[in-house]
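Let's start with one chain on its own, the form predicted on its own, as C-alpha cells.
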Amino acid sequence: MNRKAIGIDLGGTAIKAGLISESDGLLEEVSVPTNADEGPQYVLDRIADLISGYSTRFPDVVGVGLGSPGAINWARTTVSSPPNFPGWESIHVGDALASRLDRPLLTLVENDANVAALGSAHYGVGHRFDSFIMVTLGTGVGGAIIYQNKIFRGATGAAGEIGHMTIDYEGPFARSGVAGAIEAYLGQRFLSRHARYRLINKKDSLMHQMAEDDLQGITPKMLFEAAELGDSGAREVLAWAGHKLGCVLGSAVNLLDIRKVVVGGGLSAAGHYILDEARATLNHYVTPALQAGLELVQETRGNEVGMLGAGHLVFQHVDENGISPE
C-alpha cells in the first residue's frame, strides 16, 4: 500500500505543506506566508487551513508531520520558544490543530533540521547512506544525526545541535550564547558581517557595486554571485566559511564515528566555493583511524527535504507503534 501523509515545514518566512507519498515522495506542495508577528493562533490557523486542503481531497492520509524550529519534547507533541515566533511559548501542536480540523489526524512535531535529515535519508542524496551527519546552513546553522535511517535523538530529543558546537572557546558569541560556536561564523548575519569587514577595503571587489554603501547590505547570495563572476575576495570569504565548517565537522566525526556528511540549506547553494574547502579541512581534523570512507555531499533537493522528512516521520511512527489505518 502506497501510504500518504502531509508534511509541513514551518519557517519564519513561509509555511510549506506537501502531500507525501511513501514510495514516490513529494506529490504536490503549497506555500503561504507565515506572518509570525500575528502570533501563534494566527500561525496555527494557517497550518490548519493547509492540512484541511489536503485531508479533504485525500481522506486516506495517515497523519501530519511538522518540522519546526524551537525545542521539541520527547513525545513529539509540543513546540517551545521557536526563534522568531513572537508570543509562542509552549504549545501542544496536536491539540491546537485538532480543535481546528474537521477530523482528528495523527500529528507529530520534530525539529526542522531533524526532519530535513530524515527527508534526505529516504528521498534525497542521503539515501545512499544508512548513517550520516546533516548540517543545514541558512539563517542559522542546524544539525541532525541519522543513524541506521532514523533520527538519533539523544537523551531528551535535542541531539545533533552542531550549530552550537564551538571551534574556539574565546571566539565570537553566537545567538545561543556559546563562544566560538560554528553558528557565530556561518549564520547568515554573522557571515555577512565578516564579509563586510573583510571586503570593505578591497575596492576591486564586486561587493562595492552589489551591496549598499559601506557594504551594509551584503548577503551570502551576493557573495556567491560575485564568486561566480570571478571575484577573488568573495571566493576567499566563502572558502573561509568552508574551512570553519570543516573544523567543526571533524570534531563531529571524531565523536560519532559517522563518516558521511550531508550539507543542505540556502548557503549550501554556494556549492564548491564552500564545500571544497570544507572537504579539504575535514581530512585535517579527523583522526587517521577514522578517515577511511569520509565523504561530504550537498543535498540538492533544497527545502523539499523538510516536507519529505516530516511526512516520512508519520510512516515510521505508524510502523513502530503498529497503528492500523482506520
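The structure presented is a predicted model; accordingly, all values stated were derived computationally and were not measured. Each residue number is its position in the shown sequence, starting from 1.
Not pictured, yet referred to below: the form predicted together with a further copy of the same chain.
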item: One stretch from 103-111, 238-246, 225-233, 201-209 that, in the predicted bound form, holds residues within 4.5 Å of a further copy of the same chain by heavy atom; value: 238-246
item: Touches a further copy of the same chain in the predicted bound form: R279 (any heavy atom, 4.5 Å); value: no
item: Partner contact for R301 in the predicted bound form: a further copy of the same chain, 4.5 angstroms, heavy atom; value: no
item: P33 within 4.5 Å of a further copy of the same chain in the predicted bound form, heavy atoms; value: no
item: a further copy of the same chain contact in the predicted bound form: Y285, any heavy atom under 4.5 Å; value: yes
item: Interface residue in the predicted bound form among S176, N84, N149, T78, criterion: non-hydrogen atom within 4.5 angstroms of a further copy of the same chain; value: S176
item: Single option in I91, L215, A252, L97 placed near a further copy of the same chain in the predicted bound form, where near means a heavy atom within 4.5 Å; value: A252
item: Sequence-ordered residues of 147-166 touching a further copy of the same chain in the predicted bound form, heavy atom within 4.5 Å; value: Y147, Q148, F152, R153, G154, A155, T156, G157, A158, A159, G160, E161, I162, H164, M165, T166
